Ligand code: NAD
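Only one chain is given next, in structure tokens, and it is the form predicted alone.
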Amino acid sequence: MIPPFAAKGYELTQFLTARNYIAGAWCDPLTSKDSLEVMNPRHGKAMSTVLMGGRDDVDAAVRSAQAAFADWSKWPIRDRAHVFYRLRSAMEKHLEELSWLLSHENGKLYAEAKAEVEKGIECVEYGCSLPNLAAGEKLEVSRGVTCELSYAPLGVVAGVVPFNFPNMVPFWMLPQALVAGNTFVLKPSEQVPLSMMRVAQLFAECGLPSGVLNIVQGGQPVVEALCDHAGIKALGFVGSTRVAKAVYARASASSKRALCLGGAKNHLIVVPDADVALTADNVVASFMGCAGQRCMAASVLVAVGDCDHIIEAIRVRAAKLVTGTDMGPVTQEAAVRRIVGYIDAAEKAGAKVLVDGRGAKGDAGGYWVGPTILDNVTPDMPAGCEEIFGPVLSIVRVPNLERAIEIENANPYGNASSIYTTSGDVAKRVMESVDAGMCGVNVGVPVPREPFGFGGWNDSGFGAGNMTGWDGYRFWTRQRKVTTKWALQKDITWMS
């Protein structure tokens, strides 16, 4: 039994040890004795401990999921979806608690954590709609002959999710996979294992049978075991590009489906006619929201021509932000060192620091980098081409729109790109030209809302399709085609 999280504010609050969840029971790892502290980034102090599993635990979870699959896959799809109807109500009832738990383990501001949980609820709602969307097709293809299409579950499937969205990203996978009739093995990030513990408890209270959802805590050995296990038929992953490539290759080598989302270096193009107030507020929210720790965050602002008036408005807006109040911490001390290293290197290479977040502090210790804006960055500087994953905006200046698009398309990622303009023609030209899967016009975080799918191109995604929406449902299922003939017909065809 996982009790509710007690916090009602940012004060350091302890929580239960994170353990494996297999066959409906919380259990210690079978052989590993390793553990890690779960840190509260705002305080820089431990709030829990996670017990690290291994291959034996993955095997136990798969066997549990296989046993549950026999019955769960036979439930009518509407009955499976009704579990998600109840979960939606439970998540709304526990919205404040789930938000504070997420805030404490990840470091997000409460408002950001609440928004994440609400987005997770939106994903749950899409799962509730699947019985109406997954009806399949049927057609009389010849006299007396019909072909019918339906979607069958794969069996046991698995997901590996990141530290930056511990509540939302699992719901990119679970509704489609479970409503389809699969059973699931989930590996949360070992940095933030607590949110899904409470979600698993709510699932059980909402009638999800034991073994349908299993959780294995751990690090790289668990990920490798999930990739290798012959009993797992498909694997979803969200994380860095380096790991996404490795996971995709390893999972595919073991003959399982894989869809792996990686990192990003998102470019926001701004032209002189852009609305100043809208652009300033939007760009700042994009690069500093969630402390920049999201794959959709603005990384590079490509300023076309004379945009000094817009850049100054962005600088003024960012300089007013207060860490701890307007922006949360980054998740680890190592992240502080990495982010500051990028800022130092850019300044040394000739970039101008317009807003300096180095040395920022919160109100209780912890891991902090304030909003930072670097001007006169060149595309070959590390700050201009590598994913920083922190609240840093690099400004690259170009003479024309063609050069801006060229820079965007030269970067290896293809996650997101936006244009800020009041010209419909300029917006159309950019949207038709940028090499990115998720694009925005005057939108700094162009995340598609359900039912539209989430997924980038190039080095931001490996595997076919999108993680969410209808693509997600098709990823976790396989098509069954049934051709039927009952009546004798007078005409002869090749199907006779």
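Quick caveat: nothing in here was measured; it's all calculated off a predicted structure. Each residue number is its position in the shown sequence, starting from 1.
The form predicted in complex with nicotinamide-adenine-dinucleotide (NAD) is left out here; the points below concern that form.
Not one of R358, G362 and I373 comes within 4.5 Å of nicotinamide-adenine-dinucleotide (NAD) in the predicted complex, counting any heavy atom. Under a 4.5 angstroms non-hydrogen atom cutoff, nicotinamide-adenine-dinucleotide (NAD) in the predicted complex lacks S417 among its neighbouring residues.
In the predicted complex, at least one heavy atom of Q220 sits within 4.5 Å of nicotinamide-adenine-dinucleotide (NAD). nicotinamide-adenine-dinucleotide (NAD) in the predicted complex is approached by V247, whose closest heavy atom lies within 4.5 angstroms of it.
At a distance threshold of 4.5 angstroms between non-hydrogen atoms, P162 is in contact with nicotinamide-adenine-dinucleotide (NAD) in the predicted complex.
For the options V304, A346, A264, L98, the residue carrying a heavy atom within 4.5 angstroms of nicotinamide-adenine-dinucleotide (NAD) in the predicted complex is A264. Comment: nicotinamide-adenine-dinucleotide (NAD) is not present in this chain, but in the predicted complex one of Y126, F389, Y367, F203 has a heavy atom within 4.5 Å of it, namely F389.
The stretch from 139-147, 175-183, 79-87, 236-244 that comes within 4.5 Å of nicotinamide-adenine-dinucleotide (NAD) in the predicted complex, counting heavy atoms only, is 236-244. If you take 432-456 and check each residue for a heavy atom within 4.5 Å of nicotinamide-adenine-dinucleotide (NAD) in the predicted complex, you get just F454.
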